[in-house]
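Quick setup: one chain, the form predicted alone, written in structure tokens, and binding and motion questions come after.
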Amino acid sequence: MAKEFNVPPVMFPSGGNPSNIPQQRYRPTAPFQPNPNLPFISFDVPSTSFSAPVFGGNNGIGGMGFEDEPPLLEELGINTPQIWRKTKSILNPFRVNPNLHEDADLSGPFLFIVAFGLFQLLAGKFHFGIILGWVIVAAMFLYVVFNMLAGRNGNLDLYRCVSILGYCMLPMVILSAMSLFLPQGGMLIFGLAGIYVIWSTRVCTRLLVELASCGDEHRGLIAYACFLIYMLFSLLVIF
């Protein structure tokens, strides 16, 4: 059964025309005006002029231009002219200048060790790890032997010992390069190996005796230790 709803009648004003009802028009309100007494609600953005950055010239970092910056090798502590002078002094075993090797470095020895390993690699021998390990062990061996012979007056440090040992590897590098053009197992390569071992031994012994005190009276024992070290490196080239 449907439920009936009572709808009240609609009453119009006199005249019966609902269009006579006055209509209210929407009046837009005034825009929001900030309070000038509140400085933190200020919408006035001051105009700021930005100057474009200038690169190059004399406006480099720290007031230094790019032309005035030191070379990259000098920043890394690699003195190429000094390395070249030390190399030339090693090339003449009869006129070695020990004064050039007073300032020890590892840049030149690192280059010679890498060059020795590369020539061995060209010969089909991968000896990088062996060469690096032998250099470290040989430097420690030479350091211990020399300071034991010199006693309390020994002033040879391990850093200088590695530097001298590495620079005296130059004859071994030349031997490794020449072995690429020589027959393996022949008498010629054995003879050259003996000459280059004596060359490295002589230079290394003189540098150790001249740069470290209390080593002159033990020159023979120091030379024997250097001979054993470079003989091992020559065996890598021969075999």
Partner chain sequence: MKFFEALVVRRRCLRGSSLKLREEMKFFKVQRGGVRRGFICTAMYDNMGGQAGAPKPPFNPQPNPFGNAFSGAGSGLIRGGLGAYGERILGSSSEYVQSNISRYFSDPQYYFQVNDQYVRNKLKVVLFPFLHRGHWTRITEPVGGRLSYKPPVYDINAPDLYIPLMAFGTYVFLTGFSLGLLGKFSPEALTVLFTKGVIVWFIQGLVLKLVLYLLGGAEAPLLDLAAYAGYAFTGMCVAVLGRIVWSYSYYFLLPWTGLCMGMFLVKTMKRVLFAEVRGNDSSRHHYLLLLMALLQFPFFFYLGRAGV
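Positions refer to the first chain, counted from 1. Bear in mind the structure is a predicted one, so any value in this text is a computation, not a measurement.
Note that the form predicted in complex with its partner chain isn't included here; everything after this is about it.
Proximity to its partner chain in the model of the complex, defined as a heavy atom within 4.5 Å, holds among Leu100, Val96, Leu149, Ala115 only for Leu149. The single contact residue among Tyr143, Phe128, Phe110, Trp134, judged by any heavy atom lying within 4.5 Å of its partner chain in the model of the complex, is Trp134. Note that among 134 to 142, 100 to 108, 86 to 94, 158 to 166, the stretch whose heavy atoms approach its partner chain to within 4.5 Å in the model of the complex is 134 to 142. The single residue of 171 to 201 lying near its partner chain in the model of the complex is Phe190, the criterion being any heavy atom within 4.5 Å.
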